[in-house]
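Just the one chain here, the form predicted alone, laid out as C-alpha cells.
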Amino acid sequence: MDESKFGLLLTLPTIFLVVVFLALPITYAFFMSLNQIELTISPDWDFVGLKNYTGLLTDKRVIDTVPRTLYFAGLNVIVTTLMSLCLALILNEQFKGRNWIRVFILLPWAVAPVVSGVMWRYMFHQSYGLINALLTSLGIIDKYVVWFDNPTVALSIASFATAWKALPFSTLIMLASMQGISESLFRASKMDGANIFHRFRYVTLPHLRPTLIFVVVLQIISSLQAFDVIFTLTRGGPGQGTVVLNYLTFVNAFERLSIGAASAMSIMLAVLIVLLSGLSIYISMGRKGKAKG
C-alpha cells in the first residue's frame, strides 16, 4: 500500500465520525429548518420552504440579539487574545517559579463551564460577592453594586467569564509558538541595537501571526457558540439584555418548542460563524501580504 492510500486508511475513522456526528446532524437540522414544527401545537411537520429564514430576518427578538452577540464576541476575542499574548510573553521569560505558574494557569481550563458560570455569579453577587467586598474595602465604591441590573455590564461580565475559561488554551498555543522562534534571531536583533519593543514587533510578532489568526478564529467560533456561561450566570437577564443568538436558539428549541425556527436560527448562526471567521482570516492574510510588499 502506498503512502496516499495508507494515509486515507488512517483518516477513515475520523471521516466516519465527522459524517455521523457533524454532517448528518447539520443536514437534518437544515431539513427541519424548512418545516414548521411547533410541538406545543402539533407534532406534525408542515413544509414551508424558506419561510422560517425570512421570518427570522424580520423577528425583532432576533434583530435585537445581533448587536449583543457581536459585542459579546468582539469583547471576548479582544480580551482573550491580548491577555493570552501577554501571559505567553511573560511565561516565555526565564524566572523563578515559572514552571509552577505554567501549571496553575491551566486551572481555569480544568473548571467545568457550568461551575465557572456559578463561580462568577457569586463573585459579582449584589449582597456578598467578592468583587463588591474588594472594591468597597479599597474605597472605589461606597456601597455594594447590583452588577446584573445593567444589561451592558452583565453581558461584559459574561464575556470576561468566557474569556477567562478560554485563556489557558490560547496562552499555551502562543507560548508553544514563541518557543519555536530561534534564539539566534533575538541575538542578532540585539546586536543591531533593537530594544525589547522592536524585537517584539519585528521578530516575535511576525512568527506569531499564524498562531494569532488561529486564536482569533477559535475565539470567534467559541464566543458565538457561548451558552453555558450565560445560562448559569444571567439566564438571559436582566430582561432580555444578555440573550445572544445561541441562547435564543436554545429558548426557541427547548422552551417554546419551536423546532423549525430554532433549526433555521442554528443554520444562520453557523453561516455567521463561517463568514466572520473567513473575514478575519482574509483581513489577516491581506495585512501579511501588504507587510511583505
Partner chain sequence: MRQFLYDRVRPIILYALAGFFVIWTVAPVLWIATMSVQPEINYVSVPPKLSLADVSLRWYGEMLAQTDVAAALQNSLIIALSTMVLCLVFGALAAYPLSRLQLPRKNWFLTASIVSRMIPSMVLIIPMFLIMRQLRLLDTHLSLIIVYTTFLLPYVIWMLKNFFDQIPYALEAAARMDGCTRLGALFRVMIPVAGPGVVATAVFAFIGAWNEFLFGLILSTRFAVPITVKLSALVSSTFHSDTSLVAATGMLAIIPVVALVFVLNRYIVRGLVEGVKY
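Computed from a predicted structure; not experimentally measured. Definition used throughout: the rigid core is the maximal C-alpha set that superposes within 1.5 Å between two forms. Positions refer to the first chain, counted from 1.
Another form exists, predicted together with its partner chain; not displayed. Remarks below refer to it.
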Taking 4.5 angstroms as the cut-off for heavy atoms, does Ala29 touch its partner chain in the predicted bound form?
yes
Answer yes if any heavy atom of Leu56 is within 4.5 Å of a heavy atom of its partner chain in the predicted bound form; otherwise answer no.
no
Pro210: heavy atom within 4.5 Å of its partner chain in the predicted bound form?
no
Proximity of Thr249 to its partner chain in the predicted bound form, heavy atoms at 4.5 Å
yes
Using a 4.5 Å heavy atom cut-off, are Val77, Ser182 and Val215 all in contact with its partner chain in the predicted bound form?
no
Listed residue (Ile196, Ile141, Ala188, Leu205) with a non-hydrogen atom within 4.5 angstroms of its partner chain in the predicted bound form:
Ile196
Could you spot which one of Val145, Val153, Leu172, Met178 gets a heavy atom to within 4.5 Å of its partner chain in the predicted bound form?
Leu172
Across 93-124, which residues bring a heavy atom to within 4.5 Å of its partner chain in the predicted bound form?
Glu93, Gln94, Phe95, Lys96, Ile101, Val103, Phe104, Ile105, Leu106, Leu107, Pro108, Trp109, Ala110, Val111, Ala112, Pro113, Val114, Val115, Val118, Met119, Trp120, Arg121, Tyr122, Met123
Aligned on the rigid core, do the two forms place the Cα of Val66 2 Å or more apart, comparing between this form and the one not shown?
no
When the two forms are laid on each other by their rigid core, does Thr27 show a Cα shift of 2 Å or more between this form and the one not shown?
yes
